[in-house]
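Given as structure tokens, the chain that follows is alone and in the form predicted on its own.
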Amino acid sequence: MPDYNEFITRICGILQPFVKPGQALTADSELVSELGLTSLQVMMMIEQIEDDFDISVPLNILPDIRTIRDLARQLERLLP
């Protein structure tokens, strides 16, 4: 089972195609306001995460996810 740091690393890898040149990703990077992800991009990211971690991410947790850190913590809760 991945730990928190592995979640952060893998999420940052998934988000890399969405990052603007010169923009750095941190655990506190905000997915929408800072990275500028659209709703479609968020859904594509979630789909990639589901494939990478072999889990299903319930859509009802998305409103609680603002940062990469929030996402990593939610993923930790989803895995046994």
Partner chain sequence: MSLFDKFQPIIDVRAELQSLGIMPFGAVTEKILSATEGIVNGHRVILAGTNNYLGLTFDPECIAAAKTAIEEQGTGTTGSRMANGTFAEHVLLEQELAAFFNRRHAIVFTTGYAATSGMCATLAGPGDTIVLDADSHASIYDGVRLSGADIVRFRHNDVADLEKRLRRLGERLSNTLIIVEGIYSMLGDRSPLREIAELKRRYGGMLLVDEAHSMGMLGEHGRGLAEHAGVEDDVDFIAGTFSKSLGAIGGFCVSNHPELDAVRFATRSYIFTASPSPSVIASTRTALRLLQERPQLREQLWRNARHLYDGLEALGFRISPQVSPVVAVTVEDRGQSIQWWNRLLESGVYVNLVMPPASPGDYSLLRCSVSAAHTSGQIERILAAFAALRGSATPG
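Remember, predicted model here, so these are calculated numbers, not experimental data. Positions refer to the first chain, counted from 1.
Keep in mind that the form predicted together with its partner chain is not shown, yet the notes after this line are about it.
**Request:** Determine which one of 5 to 13, 53 to 61, 67 to 75, 18 to 26 lies within 4.5 Å of its partner chain in the predicted bound form, judging by heavy atom distances; exactly one does.
**Result:** In short, 53 to 61.
**Asked** For residue 32, is any heavy atom within 4.5 Å of its partner chain in the predicted bound form, or not?
**Response** Because no heavy atom of residue 32 falls inside 4.5 Å of its partner chain in the predicted bound form, the answer is no.
**Asked** Quick one: which residues from 31 to 48 get a non-hydrogen atom within 4.5 Å of its partner chain in the predicted bound form?
**Response** Contacts from 31 to 48: 40, 43, 47, 48.
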